[in-house]
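Given next, in structure tokens, is a single chain: the form predicted alone.
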């Protein structure tokens, strides 16, 4: 049974889906055992409380200038880190310790609409401004740069002429919920690239 930590900064809709998927009594592949956030008011903390999952609120100074986060991950026997709307760049020490074991979900078809500041509604507004005909999600490994790691899976949806950023958000969120948990489980079952 692999132990998973979720890093999230917001309301945690992806975290909730992942918890439903992996912490179900019939799932023997992995378990969400830790939620880490950089936002003490994040909705994901309430989700964690509901499901009785341990939480940690990160201090920026400690996160970037110490090994305290690695120590927390180690103490909790974490095998895999999933980013679900986590807005800080992962520092080198964590990347090095968890090489090929940190996976992000991005609300666009990378390499388009990626990079610093490209998250949530910022992405969907940029998709509309660029008059894109399709958008979607990218599940990818995390490296030292925002949204530049190797792509694992992409899923697409159409952008209609009259779609608002909110319309796109709903379509993309559905893709996230449909694909993220299943993709992670398939990776763990196949042991593809993830050296655990």
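Just so you know, these numbers come straight off a predicted model, no measurement behind them. Numbering follows the first chain given and starts at 1.
We do not show the form predicted together with a small molecule, though everything after this point is about it.
- Using a 4.5 Å cutoff between non-hydrogen atoms, residue 105 counts as a contact of the small molecule in the predicted bound form.
- In the predicted bound form, at least one heavy atom of residue 13 sits within 4.5 Å of a heavy atom of the small molecule.
- Proximity of residue 118 to the small molecule in the predicted bound form: non-hydrogen atoms within 4.5 Å are present.
- The closest heavy atom approach of residue 186 to the small molecule in the predicted bound form falls outside 4.5 Å.
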